[in-house]
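Next comes just one chain, in structure tokens: the form predicted alone.
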């Protein structure tokens, strides 16, 4: 083949490639100007919220349903944890919140990668506050039936061309395993992962519970006990996906020179103790200590609410009543716990980087304003599970 012919082939190839690229760029622009916004609203309802929160906020609070949980039986305040945090920090720091039910660190990591630089023009660092829910490290959360929907939504947390995101979604270029497959993996975990208890696995423990359960007890207590075993009966190790996600979040924040605060959400230790004594608590506490040691190793600021008095006064007067869900172990709180969590976050942030010389005045003003109406309305009777938990649970 002559040199001129080779040159013609090369010119032909690159010209055609350029035409294809220009066509795709034009198609991308058409999609961006026409259908992109509606697709964002349809498939990723917090995408636009991410953009505005990261650009406008000094403090960006990333949370799941624990941030906004509300107890209609007892709450007289409906402020979220982020709302209370804003009250404690005052007007010097603007708190923006991104809340998505059922989200976990892997998805919040995608949010953090959305924008390259969050530091404000004034030079002050952005602060990311992330709630760490220990249960998200377990199989029930990892293999949640909602995960495919979450992963599809997270496709939009990217700076890739909009058309490419739409193609990814159309081709299911994400973790789209169905609920049946995730349920199989969850059960497999319960059958095979060993625990430091006599029953060895969650399945054996749950089977023993069913065989030996006191028939005089309310049947809902049995379902409640089984849920606690399944939700907290796991051991976090270095290969846990949620732990790896948290480590990546710490790395991203360090690379981008952002402040990062992990606040550990308090589980319902009171009901866990009532159901299984120290047997389940020992597993929960070991996971908590493991997470805390990792956070220290990564150099992350930690607000430790695991033993928050308002949430964990074992055998105390509240008896777990500050938890919204009485029959299932969720981190859903009423205003008493939400406010206490926010107060601890604010104290940690201000102690580490004192930006408000009027902190004592702010604390006094906010506490005084909220004190009268900050505890549940005790004239409303809430259906409690505690009164039905007796001493017949097999431990």
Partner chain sequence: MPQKVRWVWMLAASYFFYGFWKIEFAALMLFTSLLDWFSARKLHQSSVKSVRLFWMWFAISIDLSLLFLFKYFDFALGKSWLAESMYDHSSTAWIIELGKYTIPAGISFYTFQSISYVVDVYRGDEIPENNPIKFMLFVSFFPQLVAGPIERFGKLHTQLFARYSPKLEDLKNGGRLLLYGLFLKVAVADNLAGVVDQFYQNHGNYTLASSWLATFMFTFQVYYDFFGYSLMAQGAGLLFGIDLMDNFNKPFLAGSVPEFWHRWHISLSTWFRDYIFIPVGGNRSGKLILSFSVLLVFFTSGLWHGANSTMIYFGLSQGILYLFDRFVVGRRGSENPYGLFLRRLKTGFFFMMTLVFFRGQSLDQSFDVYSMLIGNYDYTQKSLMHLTAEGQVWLFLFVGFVFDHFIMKKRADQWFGDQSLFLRWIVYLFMLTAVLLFGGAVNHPFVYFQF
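Numbering follows the first chain given and starts at 1. Everything numeric in this text was worked out from a predicted model, so none of it was measured.
Form predicted together with the partner chain: not shown, discussed below.
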* Taking the partner chain in the model of the complex as the reference, which of 254, 218, 184, 94 has a non-hydrogen atom within 4.5 Å? -> 184
* Structure fact -> Exactly one of 130, 302, 291, 169 comes within 4.5 Å of the partner chain in the model of the complex through a heavy atom, and that residue is 169
* To do: Decide whether residue 241 counts as a contact residue for the partner chain in the model of the complex under a heavy atom distance cut-off of 4.5 Å.
  => no
* 4.5 Å heavy atom contact, residue 27 and the partner chain in the model of the complex -> yes
* Asked: Going by a heavy atom distance of 4.5 Å, is residue 135 a contact of the partner chain in the model of the complex?
  -> no
* Quick one: is residue 199 in contact with the partner chain in the model of the complex, heavy atoms, 4.5 Å cut-off? -> no
* Stretch in contact, per heavy atom within 4.5 angstroms of the partner chain in the model of the complex, of 323-331, 341-349, 58-66, 40-48 -> 40-48
